[in-house]
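In structure tokens, one chain follows: the form predicted alone.
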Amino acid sequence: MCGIVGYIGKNKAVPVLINGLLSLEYRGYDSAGIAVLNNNKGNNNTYEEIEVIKDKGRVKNIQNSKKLINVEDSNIGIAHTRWATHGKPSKENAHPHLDNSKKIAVVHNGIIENYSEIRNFLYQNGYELYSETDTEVIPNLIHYYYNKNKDVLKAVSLALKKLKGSYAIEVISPIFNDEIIVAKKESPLVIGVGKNEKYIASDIPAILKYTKDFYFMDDNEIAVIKEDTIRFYDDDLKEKNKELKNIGWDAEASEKNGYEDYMLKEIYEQPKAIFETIGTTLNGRKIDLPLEEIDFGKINKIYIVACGTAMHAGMVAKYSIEKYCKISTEVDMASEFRYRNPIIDENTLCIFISQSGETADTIAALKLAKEKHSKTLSIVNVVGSTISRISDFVLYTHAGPEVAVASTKAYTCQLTLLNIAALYIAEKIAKNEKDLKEIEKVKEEIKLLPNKVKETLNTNQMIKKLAQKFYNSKDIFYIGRNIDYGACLEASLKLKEISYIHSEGYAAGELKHGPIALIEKGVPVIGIITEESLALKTISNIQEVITRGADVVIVTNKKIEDKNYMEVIKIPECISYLSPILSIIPMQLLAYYIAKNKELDVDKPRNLAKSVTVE
């Protein structure tokens, strides 16, 4: 969940490193640091030492450091922004970390599970460790093996083979002063290519302003990067070739473009993101998905596996899939799926959803499904990501870069694409003309979504006023039934993530089974009502909380009589299975404005990071 950046080339390294870290702060902001090779003797051909500048807190703390003047001419450097795992947030625990000789610097994203064992090994061999981190063992282990054979690349390879866990690392040293060595296992790493310069990062947006040409590292790969060459090796140091890929993202898409925060910008980008996701999959009346090799007639079970917001998208999509495909569908969180011995085989389709395509638990669940010979389909936003590369089949959302930690446009694009996929499967196995006609009707409704999302954003001013009433609340509850319950879970998560208000999403019919005990005078309860057949039942549940003093807000596309509701937020009408794409919009705005009223950092909420790349 940390972010790493690297640069080697003809230009100055520090500006690239700082800009990259600022772009990657969504991956962690407990501390930050850079290490560059510095020439303190005026020799233009060699670097004599490593200069490390790091501090606790945000990137701005090192950005404002006077020490940067001493390294402004360096052309080689690595950098890190930390989400703390081993060791508290502190300057001592901040990356980069040096070996005892101060000749090898490393930044690391991931977790070294056997670091205690390696720490003891290093102590026994005369090394001292000064931080609480698992990372500090890596440069010292490299140094240990370098002393054995005087071959840096071999030393890195031997050190990595001793590590258990996950890592993406960058290594620099005056010992090999014209290159950066990088390696990856179960943590993301990309290499950007420019003219006589190379860029390294955890995520594409960090270096998108410099290049659109990328290499995507595979697990257990090592790369030796010079300003004009890159050589790739497997873990036995056998050289291998890799394909350079061009990424079509617009660099400006990862900037704020006049918005106060990335989250607000990304909320307002949803009409365009959904339009582009639809445009790449639904052409006229034809759904064009690269799934021809799957015989859906033989699929008897579907699992949707994901984490957090992506899992909520799956929970809503389950209703569409079962409605149109008539295939039993189960939704599971990736962190549990991999440990419960799921009953899957070659007639099971497992769908994995991840914005980044690098979510550690989802990757592990995907590997388990492949071991059990399930068909695997991933829905991701990042071309070339790990999940996209190891799945049998992949569908891309076209949300563009999503920088705010709390996901918004990725969620609605995932839901849109899942519904399109459900219709694609339904067409393949449709048994009568009635089913096909219903599928065509939903296709036409999907095409209307971008404009309906745009219309829903007009609730902005109403939501602003509502946020002023609710931002001091200690608890907020969301209730709904069926697909609306799935939307409630996501709405509650958005509020928790960025406002730090305790909130819960409940199935409205379950209130009397315990949760209604939490309702007292003045507690906000938000009811989502878009499912026609269940509207009256949900309204009855809402009356129960009104009777107990709750302040009730309704989000609906139905005609609702005023029954002592504080507010009724109207969204456009649509087929019920698509309505969560609309009903979540005002809830995203509500979470945003409540957090702004509390003067919180909506883009970088405490304790969270954008891409959860450790278990």
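One rule holds for the numbers: they count along the sequence shown, beginning at 1. If you're wondering where the values come from, they're calculated on a predicted model, not measured in any experiment.
One more form of this protein should be noted, the form predicted in complex with a small molecule, which is absent from this view; the next part is about it.
In the model of the complex, does C307 have a heavy atom within 4.5 Å of the small molecule?
It does: once the small molecule is placed as it appears in the model of the complex, C307 has a heavy atom within 4.5 Å of it.
Contact label in the model of the complex: A406 to the small molecule, heavy atom within 4.5 Å:
Looking in the model of the complex, residue contacts with the small molecule include A406, since a heavy atom lies within 4.5 Å.
N93 versus the small molecule, in the model of the complex: is there a non-hydrogen atom within 4.5 Å?
Contact with the small molecule, no.
Indicate whether E497 is a 4.5 Å heavy atom neighbour of the small molecule in the model of the complex.
It does: once the small molecule is placed as it appears in the model of the complex, E497 has a heavy atom within 4.5 Å of it.
Out of S173, T538, S385, Q355, which one falls within 4.5 Å of the small molecule in the model of the complex, going by heavy atoms?
For this set of options, the contacting one is Q355.
Which residue, A155, L264, I476, L493, has a heavy atom that falls within 4.5 Å of the small molecule in the model of the complex?
Contact with the small molecule in the model of the complex is made by L493 alone.
Would you mind picking out the stretch of 102-110, 125-133, 540-548, 347-355 that comes within 4.5 angstroms of the small molecule in the model of the complex, counting non-hydrogen atoms?
Correct option: 347-355.
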